[in-house]
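Let's start with one chain on its own, the form predicted on its own, as structure tokens.
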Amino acid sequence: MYNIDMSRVIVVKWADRNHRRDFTTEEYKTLIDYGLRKLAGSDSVSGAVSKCLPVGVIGFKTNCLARKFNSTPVALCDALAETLGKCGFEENDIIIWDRSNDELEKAGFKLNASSFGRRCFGTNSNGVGYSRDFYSSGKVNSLVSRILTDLVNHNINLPILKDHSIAGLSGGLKNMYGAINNPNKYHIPNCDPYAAHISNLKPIKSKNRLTIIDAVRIQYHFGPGFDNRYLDYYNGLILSDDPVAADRVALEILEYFRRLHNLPSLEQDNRPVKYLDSASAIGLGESRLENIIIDTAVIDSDGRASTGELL
């Protein structure tokens, strides 16, 4: 038996180890539907979604810095939006967003700020911008995207799992740098404690409901820009309502691929991921692996699930 107060992370992987291509929308839907049901402890997807997401306008915070090469996949957003649509969410009540329109378009997203269909736009869109007031947490003092403060009721964080040349790990907490006006101030040293304090800003902490980390392709070195010399396939998603626990499990996977390719650990490479412990210390979530329940499942091509190993 485990403590019901422990943080829980669901890892859902494709069973075929030779699957070395981008996922289709249908493949993502299979992983998302299973992962949400497992996370919520529900027999149905609609029951799971109602437990994880209150009604309202839902933001999908993407990571589009690496253009089409290694950004949040359009197919992942399509799959998640279709799942929410089947659970009663209106298409126009979904906003796919990131820092800029240009980044979204170069990652393959189609912009839409109209009252029809799924919306998609950046903070730099006309009439959007950043909050008028600064928000503070610890050493961070920033304006926050109005998409988060004013336009959505809840947010799903959809980062890509990859190496980061300063932070070590680029996952969920690091992805929220794209929600503030002055991210360049908060990188040295190793983004600690800034990645924690940014995710603790009131609009970010209060509206982030769910983290789904895309770990289909792992860039295990020389990130965050794309470099195909250091790319390998994990073929999975990491889901949790604890953003720190999700990142902690992601770190295990990233370090595994570094060992697999004879690279030093991030700490040995002078990029220790200390910001997860800083996040735990201020109550954002759980960074200690021994206090995280990790449920790993593998899904076959017929959608059948079985218990799997994390690494």
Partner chain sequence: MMKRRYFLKCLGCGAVLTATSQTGLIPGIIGGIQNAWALDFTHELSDMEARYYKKLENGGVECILCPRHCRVTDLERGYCGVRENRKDVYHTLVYGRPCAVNIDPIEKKPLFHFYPGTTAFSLATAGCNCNCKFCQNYDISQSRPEQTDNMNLPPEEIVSSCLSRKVPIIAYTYSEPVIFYEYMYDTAKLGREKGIKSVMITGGYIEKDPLADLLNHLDAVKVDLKAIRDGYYKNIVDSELRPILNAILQIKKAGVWLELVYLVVPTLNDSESEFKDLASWIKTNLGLDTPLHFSRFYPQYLLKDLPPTPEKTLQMAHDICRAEGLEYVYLGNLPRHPAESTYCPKCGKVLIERAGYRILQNNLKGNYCSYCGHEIPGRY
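Residue numbers count along the first chain shown, from 1. Bear in mind the structure is a predicted one, so any value in this text is a computation, not a measurement.
Missing here is the form predicted in complex with the partner chain; even so, the following discussion is about that form.
Participant: So in the predicted complex, are I166, N184 and H187 all sitting within 4.5 Å of the partner chain, heavy atoms only?
Facilitator: The answer is yes: all three residues contact the partner (heavy atom, 4.5 Å cut-off).
Participant: At 4.5 Å between heavy atoms, only one of the stretches 26-34, 277-285, 61-69, 242-250 reaches the partner chain in the predicted complex; which one is it?
Facilitator: Single hit among the candidates: 61-69.
Participant: P203 near the partner chain in the predicted complex, any heavy atom under 4.5 Å?
Facilitator: No - in the predicted complex, heavy atoms of P203 and the partner chain never come within 4.5 Å of each other.
Participant: Check whether N141 has any heavy atom within 4.5 Å of a heavy atom of the partner chain in the predicted complex, and answer yes or no.
Facilitator: Answer yes; at least one heavy atom of N141 falls within 4.5 Å of the partner chain in the predicted complex.
Participant: Check N124 for me: does it contact the partner chain in the predicted complex (non-hydrogen atoms, 4.5 angstroms)?
Facilitator: Yes, N124 sits close enough to the partner chain in the predicted complex that at least one of its heavy atoms falls within 4.5 Å.
Participant: Residue-level question: is P193 within 4.5 Å of the partner chain in the predicted complex, judged on heavy atoms?
Facilitator: No, P193 sits far enough from the partner chain in the predicted complex that none of its heavy atoms falls within 4.5 Å.
Participant: Pick from K207, R99, R217, R119: which residue has any heavy atom within 4.5 angstroms of the partner chain in the predicted complex?
Facilitator: It is R99 that has a heavy atom within 4.5 Å of the partner.
Participant: Here the chain is shown alone; which of L111, A75, V128, L151 has a heavy atom within 4.5 Å of the partner chain in the predicted complex?
Facilitator: Among L111, A75, V128, L151, a heavy atom within 4.5 Å of the partner chain in the predicted complex occurs only for V128.
Participant: In sequence order, which positions of 69-92 have a non-hydrogen atom within 4.5 Å of the partner chain in the predicted complex?
Facilitator: Contacts from 69-92: none.
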